[in-house]
Each structure stands twice: as structure tokens, then as C-alpha cells.
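A single chain, nothing else alongside it, follows as C-alpha cells in the form predicted alone.
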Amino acid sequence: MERFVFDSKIKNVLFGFMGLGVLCLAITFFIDDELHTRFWTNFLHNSVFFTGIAFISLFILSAFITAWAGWYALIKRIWEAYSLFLIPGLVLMLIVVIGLWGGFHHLYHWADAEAVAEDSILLGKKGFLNKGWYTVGTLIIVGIWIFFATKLRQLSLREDENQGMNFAVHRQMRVWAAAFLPIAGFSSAAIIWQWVMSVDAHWYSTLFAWYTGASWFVSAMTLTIMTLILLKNLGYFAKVTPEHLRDLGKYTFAFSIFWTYLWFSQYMLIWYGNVGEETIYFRERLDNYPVLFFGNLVLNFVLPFFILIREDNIRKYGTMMFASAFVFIGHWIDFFLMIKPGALHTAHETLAHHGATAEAAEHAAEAGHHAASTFEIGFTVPGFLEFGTMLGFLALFLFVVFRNMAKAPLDAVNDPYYAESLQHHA
């Protein structure tokens, strides 16, 4: 059976990019404002983005197992390895938790007791938006995800230990996978409200969990395509054909449309409702982040739509690599736009309220409710430090993925649907 060799050459490349990420974070920390807003937003942004890819990969696996799908059996070890990044992902989010309790960052306005006492809206949300629930929710929810990820991985590897197809083990996988799906739906909504939506503490949207889930899904699919093409170029996954790539491309295309539908639905309903607490979210981004706001649609809808709608394009490795890279960056920017404006506004409110220095307070007062009214690299648009940090997190993600892929055969030959995957014709 084919095995992946995680050799020193690949490790050195990944260590190099991880070093770049650490360097970019360090530079960001020392050139930052007094609250280190840019540093912490970059850390939260990438931690949530890559932990979310790990979660949605587990969701994808569970959905395909439950649906008795067969085409993906040749590539399922990639998603199994992706899902195991939930373990370091939890560690990353616990760093955010420690910063929350220690007062090391001011990402969330609801974490300021004085601000909550003076704000009726924050006071009304205090039962959910508080440090205790943020901590417990992160530990319990991500802990449950890790349990299911390791359980499905263990059962998948147990299939390898037996000669021939083992339907008894696969039936167990179906039970665990089916159990995870409703848990994933409810828990992911609760945690994304905490991690990201509450950055804009006054704002809420019933579509936000669906929106971020679709963004994670497309990100996972595009990263899968790029990983698969990279490994094929290294001589692995020789049995994977353009037909498998076509299915990955179809999922990327379909969920790019779904993401756009959710983007429009969220925007249209909030615009039509015209409730001040809701409209301020889009007003801030339209007025002060127009390049990212409209660029978001170009990268995540227009580009994949016109490239992936052609049947021949989704079978071409070069075309799919190009499209996947841009769409992946597009959804990374999507999360940037979810986090940065609210966090910057909170930082300015905090500086103005507590008066860290006279200069900082004056700056905050001028910013008012339009925190990004002037161009500010790292907030208005991502800078080199943001992209360098993202590459560092991506290298960490791939390091964990490749290390886990090297522990088991790439070919899950005892999967009951392995033969179907070999003969797959989309």
C-alpha cells in the first residue's frame, strides 16, 4: 500500500514558512498600538480560519460516510489528516482564551466590565457573551469535535488492519458520523457566534453561522485540491484521476454559489429590515472597506463562477490550482473582513474610554464610530505581515496534516467503497 514519506526536505520548507509566520507576528507585536490590536486580530483570524477548515473537513467526512458515498475513498486520508488539526487548533484558541482572562487583548468589547455596565445591549447579552462561557464553550465544543475526529480516524485505520473489506467497522463509522452531523450543526453555530460574530458585539445575524460554514467549506475544498495536486506532483495518489478532481471542482463551484446566496441573503434581509443594530455592520464595511467588500465578491463568486462553470476546466490540474489558490485567499480575506473592522472599533473605544495615553485617547476620539475612515495597513487591507502570518499558519497546518498522513497508508484499500472510487466516473 502507498505510504507518504514526510521527508526532511518538505519539513524544512514548512519550518521556513512557520519561521516567517512567527517573525511576522513578532514584528506586528512591536510596531502595533498599545493594545496590540493588529497582532491579536491576526492571531484570532488565522486560528479561527484554519481550525474551521479542520472542523469542516470532519463534517465533510461525516456527511459522505452517512450518505454512503464512494467516490472520495481514494482521497479520504487527506480529510482525516485535516480534521486532526483540531487538536493544535484548540491550543491556538486557548491562547486567545488566556489573553481574554489576562487582559492581554481587547478583541471583544463585551469583555470590558465597565463597557458592559454602561451599555444596555451588551448588558442584555451578558448571559452568553462572557469570559466563562467563551472558555467553557471553546473547551467543550472543540473537545467534542476532537473526540469525533479521533474516533473516525481510529475506525478508518482499524479497517486497514483486516484482510478484505470490513463492513462491521464501516457500519460503526456510519453510526459515529451520523451522530456527529447534528452536533456539528448546533455546536459550530454557537462557537462561531462567540469567536467571530461577537467581535461586533452589538450586531447579530441568524444567517452568520451558515455564512461562515459555507466559507469554511469552500476553503477546505480549495485547500484539498491544492494539497492533492501537490502530492500528485510528488508521485503520490497516482490512482486519483481527473474525475475525482472534477468532483472536488463541482463542490467548490456549488458551494461558491451557496456562499454567494448566503452573502446576498444576509445583506438583503438586513438592508430591507433597516434595523440600526444590524445595518451598522454593513454600513461600516461599505463606507470604510469598499475594496475588500466588493473584492470579496470578485474573488469568491465571479472568479470561481466563470472558471469552474466550464466542464473542461475542472479536469485541468493547472487551472484548478490557479483557481483554488485565489479562492482560498478570497475566503481568508472574507474572515479578515469579518474580524478586523469590529476589533479595530473596539480598540478605539477602549483607548478612548480608559485613556491609555493622551495621544491614544485623542486618536480614538477622532476615529469615533468610523474606526477605519482613514487607510490603515493591516486593517483597511491585509499587509505583508498579514500574508506572512497566514503562510506561517498554513505551514503549521500542513505540517500537522503531513505528519498524520505519514502514519497510515494513503490507500484505504479495505474501505468498502474503495473499488467504486477506483472506477469512479463523474
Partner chain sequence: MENSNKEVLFGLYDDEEILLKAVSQAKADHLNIMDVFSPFPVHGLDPILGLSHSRLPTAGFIYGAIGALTGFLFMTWVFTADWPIIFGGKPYFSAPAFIPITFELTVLFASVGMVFTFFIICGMGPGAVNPILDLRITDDKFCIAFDASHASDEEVSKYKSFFSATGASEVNTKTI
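All of these numbers come straight from a predicted model, not from anything done at the bench. Positions refer to the first chain, counted from 1.
Below, we turn to the form predicted together with the partner chain, even though it does not appear here.
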### Query
the partner chain isn't shown here, but in the predicted bound form which of Trp101, Phe147, Trp271, Tyr317 has a heavy atom within 4.5 Å of it?
Trp271
### Query
Given that the partner chain is left out here, which of Phe282, Phe305, Phe293, Tyr204 has a heavy atom within 4.5 Å of it in the predicted bound form?
Phe305
### Message
Counting any heavy atom within 4.5 Å as contact, can you tell me which stretch out of 132-140, 184-192, 260-268, 230-238 lines the partner chain in the predicted bound form?
### Response
260-268
### Query
Taking 4.5 angstroms as the cut-off for heavy atoms, does Asp287 touch the partner chain in the predicted bound form?
no
### Query
Do Leu94 and the partner chain share at least one heavy atom pair within 4.5 Å in the predicted bound form?
no
### Query
Taking heavy atoms only, is Glu311 within 4.5 angstroms of the partner chain in the predicted bound form?
yes
